[in-house]
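Subsequent text provides structure tokens for two forms of one protein chain, presented individually as structure 1 and structure 2.
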Structure 1
């Protein structure tokens, strides 16, 4: 039975939110809060500095580089040059899983490598300590590669981590040591760290192995981090459909796979923001085309698999993909029919990083749930409005701090996979290359799109809509639950998952139907609600 809900006036709610801010803050935040209209796209302000004093969801540049992009790779030793707290912050927090082929294969994900900088290293420099740590890691494990990640103090004191890496590579001979200047303050969010990680991998790793892999149709999956085992489900589907997965960036990934990833026929991009740089550079240098896909949601998974089959134009593959999709969708239908009576008509909000705030709306649609508000922590305008707006985006000072690689065609390895006629023919089939339409065109009229949402704005949205589920991260989890709203972490899945592919959709249906059906949340009273009767209301005034 569908649940009917009262929906507040979005325009009045936006005014109510902004009127509590000081004038300058209200003007700035107003540009980052958009009432959506898919027929008349609006410009949203994104990828700018968070306002000092607000409680933001964002992470830092280091978190994006080490924590997101490099962290899920099992056979690269990631050494954090900085205080131990930084390394601990990025240690196993995202539940990236991996599956070595044998028990003897390298797997460093469970380790925490850090130089543990102290005050004397900040004063006198930490390069010697870093070099010693690199030597020790090599002597203990003899890895194929060591990645060095700098945190805030390193950038402030000027340690040359790249010189240390270069000397170590020459010294070892059989170990590629490379460094990332990903100090936390560099850039406005973890997006800067993604860009730096992409650049580093392209400069130091991609293209080192030109071996032709076995397999008829070779792809890379970019922007899939195997949280809760998502990659395992997708690997199962690719194998059954006759698709050869060379490398995933970077869930369940290996260093050797990265080295050889430029030899594929097609790149698939899942998380547009975190990995589009590699996709673009690989196309420029090696001619590998890329398409945007979404494996979150049963229908989206089927659509993406069929898109891949259409690209390769293989009748046997098209038939096999259709068989797999029909079989899996029939299983999904049974679970959906069980869950939907409990979820139909309920409301959801999603404020998470990457493309998740967009992709997971597909799963909620399948459940009959309406997404009334969504946004990203570290998006750029093109993640919201689509890549067509990229030429109009102004490059600010923070973005200029990040190196832009000049990539030229490789004289020996560049191979144009598609002619202009091929591209036109594919477009008629619904396959568009190097394109992403963004989140806003897929959201309903009069829904909220908010970039870098503040804690105050979150509180006001929950107060106005009383959503049945809120999707965010660990920093928001407990405050929102104290407000009587269940929160589903979509950064780490709260020990659930996988949620990708067909089996992932079934898992998600079950988890969400349980969450929205539980009566426990309606019995929760936040501490500030209990104390309201005895504590005078706190007020504040601002100087305009």
Structure 2
């Protein structure tokens, strides 16, 4: 079924939205709301502070550092230095799955560690408490690595967490202790935390193990967090295609794999926002090139796998990849044919994260659905407009204190993988290095691109378009469902998934076709209410 839909006038709608705001707010928000032109992406205001009181989706720097980047690695003990809440909320709530190889392998993912700071520590300093906590963690668990994360009050009282870490490392001898000053007020969103985490991993972990691991073609997968088992599906595909995965940043990951991860041949970047710094630094220091990939969507997965095979120019791998893609795509096709009658022509909106609002448009495209509005929660302009705008991005006061690591070539380990000619030749084949074109070129004319969307804007968009699916996070989930619109959580996948790779695509098709056709939505009005209705209600659009 294809549904003909009424489309509002985008510019008028934008005006209407801004009208409600106080003048200064309207001016600021106006720059973060763009009506798209895919041929010539317009400048969007991004990575600037959220306006107090506006009801933002965003979280904090600490959430980006501990929650996103460091959290998913099973054998690092993450001690959160601060009052209890910050650590408590980041305890298992992101669904980073992990699968230790044996029963004896370390796995601290299920544990939550905090210094549970009390008033005394805020007044007199918490360093001693932290040092004790680190000692106790070491004595109890003998981990290979302990990461310390500071939360808001710690930065203010001036505890030197890095000194504590250094001392502990020296004392233990067989345990690497390192610290992250990722107080929640730093930067303007989770994004600052990603950067701080990337820096810390590069300084303290990457490059500590220089052994050449087995495997003909070695890669890292960067910016993949194994939510709902995404990495497991990708691991399956890599293995079958003869690609050796050394480490995933960060999902189903281990500390030792990180230490060795600079020894690979190629880095694949999934979520550009959260991990591009590691990719760049590995290239600068060790000469590992990186390419942007996307394993969300069956076609994108096939394309990304083929890109890898092309890069390695290995006939065996190319053949293997083709076989795998053919086999998997034919399976995917069956599911797609089942789902499409329910999804074709429907409308989607995606407001989430720093890459998923882009990647998941692929899956909707496969389902015949149109993305009418999308935006990120904590991305930068390059994630919207493409990396070529990076030199023109002004760094404001909120971001300038986030350290930019200066990385020099490693005198021994730097190895240039590609000559200029190689790069040119690859470009011919459609492989571009260190490049990401952003979300905007992939979106239609006259669609909305909105950065750091507010609750009010969300409400107005839904009113105007009455979309069939809205993608966001847990805070938005029931707000939007109360409006009669099904919401797919793209942080937690609503406890489903995987959605990556071929199997993931099949899961997603099933979930979306279920959501847009569920009988439950037809029950919203009681029979006696329906009789009185004169105008068609929201629920009417769900008739499949």
Partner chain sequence: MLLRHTTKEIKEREGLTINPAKTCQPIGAMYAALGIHGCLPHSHGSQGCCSYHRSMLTRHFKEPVMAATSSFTEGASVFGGQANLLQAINNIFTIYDPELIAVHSTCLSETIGDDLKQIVTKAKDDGKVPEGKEVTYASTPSFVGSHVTGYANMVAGMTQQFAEKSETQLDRTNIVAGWMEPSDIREIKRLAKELAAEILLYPDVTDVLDTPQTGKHDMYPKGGVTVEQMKTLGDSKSTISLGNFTAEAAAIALEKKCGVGFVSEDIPVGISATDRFLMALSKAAGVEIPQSITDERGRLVDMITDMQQYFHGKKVAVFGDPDWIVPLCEFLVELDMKPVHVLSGTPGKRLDKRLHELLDMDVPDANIKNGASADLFLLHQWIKNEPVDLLIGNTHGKFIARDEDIPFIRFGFPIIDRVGHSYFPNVGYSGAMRIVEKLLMAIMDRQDRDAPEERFELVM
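If you're wondering where the values come from, they're calculated on a predicted model, not measured in any experiment. If you superpose the two forms and keep the largest set of C-alpha atoms that fall within 1.5 Å, you have the rigid core. Residue numbers count along the first chain shown, from 1.
- Looking at the condition given, the form predicted together with the partner chain, one finds it describes the source of structure 2 alone.
- Residue 12 shows a C-alpha shift below 2 Å between the two structures [criterion: core-superposed Cα displacement of 2 Å].
- A displacement of 2 angstroms or greater separates the C-alpha positions of residue 521 between the two structures, with the rigid core held in common.
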